[in-house]
Every structure is written in C-alpha cells, then in structure tokens.
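What follows is a single chain, given as structure tokens, in the form predicted on its own.
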Amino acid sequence: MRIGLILPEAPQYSETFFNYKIKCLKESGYDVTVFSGKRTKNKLFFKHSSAYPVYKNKKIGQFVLFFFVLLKTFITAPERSVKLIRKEIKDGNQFFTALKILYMNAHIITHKLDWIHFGYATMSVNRENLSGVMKAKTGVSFRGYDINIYPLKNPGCYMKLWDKLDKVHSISDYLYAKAVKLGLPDNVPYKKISPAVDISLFKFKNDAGVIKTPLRILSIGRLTWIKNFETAISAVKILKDKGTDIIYTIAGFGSEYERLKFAVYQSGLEENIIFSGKKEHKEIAKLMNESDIYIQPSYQEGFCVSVLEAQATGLLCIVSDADGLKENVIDGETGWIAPKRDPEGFAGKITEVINMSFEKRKETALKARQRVEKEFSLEDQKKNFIEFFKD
C-alpha cells in the first residue's frame, strides 16, 4: 500500500501526532511518502518530496523554472498532466490557472500512489482532482484551524473536495459534525482517531493533587490569538490581587509574543508570569512535573494534545468550553471547564481547586490518568491508523 501524505511542511519535533502516524504505518508495511510545500534540512525517517519553489521577486527565473518543470512533468506523466488540466478547466479555471495548479502539484503527480491523504483539509485546495487523475483514493484529516477558521475567510472552500472523498479522519466528533454543517456528505466513511500520549514520557507525578506555594500554573501552545492567553493573564491578575502567591509559565512562541508581554507589563505581573519559549517534549514533561495546575483558555480547539499530556502527568486541568476541549476533559471528573473569554470564571475555578480537599484533587488527577491510559494510548492509535487505510 502506497500512501502519499500531503502536509504544509515535513513534521517538526513537536508534531508527535504526524510523526507517530508515519512511524506506525511504516512499521506495518505501508510505503509512506510525505509531500510538502517547503524543503527541510532536518534529517527525516521517511521519504519526502517538496514542491517546486515560487519566486515572487525573480520573474525571469520563475518563468524558466515554471517552463522546465511543466515540460518535465508532461514528459514523465503525460496522461495525468493532460487529465488534470482538463478537469481544472471543466471546473471553471482558466488554462493558465490550470497550468499553475499542475506546477504546484508536479512533485506529486508523477508518483504511483494508492492513497492521497491530506493531513489538513486546507492542503486539499487546488488538489481536489489529483486522486482522480492518479487513480488513488482520497482521505482527509480534520483539525481545528481547517474547520473552525479557514472556512470563515474562504466560504465554500471545500465544496470541490467533499464529493471526491473516500474516507474522513477527525481528531474529535465536534470537528466532524461541523464539517457536515459545511457540506460534507454524512455518508462518507468517517473514523475518529484522537491524539494519543506516550505515557512512558509523561509519567504520573508523585505529588499529584498537591498545591504548593507559590502556586505553579502552566500553559503550552503557540502564542497566537486563538489560544486566548490574555484571559489567563487576566485571571492571574485577579488571583494575585486577592493575595494568591502564583507563578504562571507559558511555554511556546508565536506572533502574539510582544502583545502578550506588553499585557503582562501593563498588569504588573512581570514577576509572576514567565514566557519560557518553545520546548522539546522532554522539557515539557519536566515543566508539567514541576507544576500544580494546567490551564487552556483557548477560543477554539480541535482537541489539544497538551491537555491530554497534562492529565497523564497528574496536573489539575482547567480548560475553556471550546468544543474540542469538552471532549478532552470530563468536567468535574477528570478536570474542570470554565467559560472562554471569562477571566473571572477561570480565576474562580482555580480558587475552587485550591480550596478543594487534597483527596478530591488526587482523585481527579488519578481519574484523568486512568482515562488517558484507557482511551488515548499510542497502541490504540496505531491500530486505528492501520485500519483507516485498509479498506
């Protein structure tokens, strides 16, 4: 079985979901090639092919490369190239636009594949006809940005994709249900495969349920607007003003770093909030082991593996009511849910957890760990991925 996994770039160190998916498929005898839009200098354990570059400021060089790549593609895969152009024109594209689509897919169309799987739904745009001309099945994975954000900016963006799908994978039932509302036919075979946790790395902490002084709170994620770290910062301000001795660490980096740093400065929390930057997985496990409470205040989440890892470690988890998080944490049983955009709500939940008996906190941490072991194991994820591509 030859699988082509289409991603924006080769998986990075933090993208354990994709790395493990590729690894388990390879170990099961599948021939996996990752096709990405960017080249990488990293050493990879899988076959990789990157798209031909687009030079915005080198018009002559781009024209020469464009002509050379198209000529090479027509010679290597003449029938597929012609079919793709015809299908794109039939879909309403101009001839030159169809040529550009062939150029952007030239690194894929010459391969022999049984499956073309879009690791993100957004990767299917201008690639919807590939499977048809390559006589391969089409699969897609849904994640938060694909379904929650991208269609808001690009209405109808997946309409060409929906009727070409052979199977759908989603990390949560919520994202699948939302895709159906966006036009996905409900008769397309669907499989939910949630993220999983390496419990050998994220060991259950010895002092789970203990609240130390100062209280240590942790969040992990890209510093982007959708993670809504400003709500968490405001919650910390409320707690500090009420006399709570607190240290809040945010691990990650991103476009909102300066704005968040300024919010911390304006709130007078420079001694209470630490931006620790992007961390390796082993460093994240260490941070979790040293913390008491984990919070995830996101506006939207498809699921969030960091919350799973925090539960596996025995952290007391408080998350927003973003839809995917409501599948991740069972409110009042494996953690707690607070309203998004509500600093008072998060501060109140943190205070509630602080004032809770140690026995109740320890019981919650244990239930969270047990659920992760039972429902989010790497072995179950491996079996699910293998089954997904069998049919």
Partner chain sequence: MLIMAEKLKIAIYSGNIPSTTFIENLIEVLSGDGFIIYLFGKKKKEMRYNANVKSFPTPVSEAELVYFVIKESLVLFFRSAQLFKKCMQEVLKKSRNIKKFFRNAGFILPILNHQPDIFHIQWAKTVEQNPELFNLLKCKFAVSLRGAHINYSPLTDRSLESAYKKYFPEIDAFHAVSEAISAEAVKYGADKKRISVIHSSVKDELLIMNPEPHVKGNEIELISVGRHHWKKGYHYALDAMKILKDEGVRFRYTIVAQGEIPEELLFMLDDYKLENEVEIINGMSNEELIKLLQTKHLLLLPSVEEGIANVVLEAMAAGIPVLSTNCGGMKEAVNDRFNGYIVPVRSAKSIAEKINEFILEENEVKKDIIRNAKLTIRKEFTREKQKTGFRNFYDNVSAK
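Positions refer to the first chain, counted from 1. Model, not experiment: these values are computed from the prediction.
One more form of this protein should be noted, the form predicted together with its partner chain, which is absent from this view; the next part is about it.
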May I ask you to state whether A263 is within 4.5 Å of its partner chain in the predicted bound form, using heavy atom distances?
yes
Distance check, F95 to its partner chain in the predicted bound form, heavy atom within 4.5 Å
no
Do I149 and its partner chain share at least one heavy atom pair within 4.5 Å in the predicted bound form?
yes
Counting only non-hydrogen atoms and a 4.5 angstroms cut-off, does H281 reach its partner chain in the predicted bound form?
no
Among 295-303, 79-87, 192-200, 123-131, which stretch has residues whose heavy atoms lie within 4.5 Å of its partner chain in the predicted bound form?
295-303
Could you tell me if all three of R2, Y103 and K164 have a heavy atom no more than 4.5 Å from its partner chain in the predicted bound form?
no
Name the residue from R259, K242, K212, K72 that puts a heavy atom within 4.5 Å of its partner chain in the predicted bound form.
R259
Between the options F204, Y145, F253, W115, which residue brings a heavy atom to within 4.5 Å of its partner chain in the predicted bound form?
Y145
Near its partner chain in the predicted bound form, with a heavy atom at 4.5 Å or closer, the residues from 313-340 are K340
